[in-house]
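Heads up, the chain below is alone and in the form predicted on its own; it's given as structure tokens.
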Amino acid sequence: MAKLLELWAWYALSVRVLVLGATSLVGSHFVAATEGVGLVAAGRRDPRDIDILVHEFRKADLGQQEEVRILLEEADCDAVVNFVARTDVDGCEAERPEDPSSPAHPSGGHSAWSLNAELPRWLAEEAAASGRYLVHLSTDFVFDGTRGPYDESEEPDPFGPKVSWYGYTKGVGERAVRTHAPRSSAIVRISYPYRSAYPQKLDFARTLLARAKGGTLYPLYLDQVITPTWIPDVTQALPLLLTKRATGTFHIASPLATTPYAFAVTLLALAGLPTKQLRSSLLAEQPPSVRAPRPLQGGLKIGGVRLLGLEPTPFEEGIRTLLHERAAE
């Protein structure tokens, strides 16, 4: 991370960045790695309360358009990085309307529609009007999982039975960013993010470790294609995007695809945990009433970040680094 901090220190001498979602799983890693230099955080929770340093904090309800408007109007910042999202896929599904064009779908507050679809639009409209640069985090769940892994040129899929409400709202947010701020924004898609530690929230890998140690592992899919994202790769990419004001869509994920079951086999074996406790299942046979839909043939193909000089971490290397960092704690 030394080169990252050197680049960021130089950049932050003249530029301040507004970070939304500084206490999120991904956002907190970026903020901590850059030591809060030049960062203004905004949201409901002050990251300094959990020992994540920022230059300044502004309290704001990011699910309310007027509060977002005032925040952006008063913030002395040149760029915005949006990590905010309602990411509970099954929880979001409870908000799913029969018709997404109907005004009856949940809006306002902290609904999936408000945070995943409306907030990116508000940010993009402001970025276009003010000249600020916007980086917006998204996901491979915007796709229906019929043709993955997906490349960066592919657009989110429309509303349908194979796209979760979480994925659909994130797709609407993506379209808003592209529509309103095409010359001053970047979209960063990630997939099944994981990191070595974050007490505030578990992730894909650490959930598997915790359940394996507790003997509560659930069946893992043999047929689902995923490309897990090593979160430090996102942290490395963001200063590159910000300094270059790069535009377009960028995928940050393992260049090697896997399945949840195969990922777990590798994780447990390298952690020295018994793999005989692993059980398999098939996503294709999952009753639609049980859980929100997940992309079956999902995952992301890598392109643009390589042109910026970043090679994303293969999932096995990410697992090895995760375990090494946890052992050193």
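All values derive from a computational prediction rather than experimental measurement. Residue positions are given as counts along the sequence shown, with the first one as 1.
The same protein has a further form, the form predicted in complex with a small molecule, not shown here; the description that follows concerns it.
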### Query
Does the small molecule get within 4.5 angstroms of any non-hydrogen atom of Ser24 in the predicted bound form?
yes
### Message
in the predicted bound form, is there a heavy atom of the small molecule that lies within 4.5 Å of any heavy atom of Trp230, even though the partner is absent here?
### Response
no
### Task
Check whether Thr87 has any heavy atom within 4.5 Å of a heavy atom of the small molecule in the predicted bound form, and answer yes or no.
yes
### Query
For His110, is any heavy atom within 4.5 Å of the small molecule in the predicted bound form, or not?
yes
### Summary
Interface check vs the small molecule in the predicted bound form: of Arg69, His55, Arg279, Arg44, the one with a heavy atom inside 4.5 Å is Arg44
### Query
With the small molecule left out of view, which of Lys201, Arg245, Lys162, Arg147 would have a heavy atom within 4.5 Å of it in the predicted bound form?
Lys201
### Task
Specify the contacting stretch among 138-146, 254-262, 121-129, 73-81, defined as having any heavy atom within 4.5 Å of the small molecule in the predicted bound form.
138-146
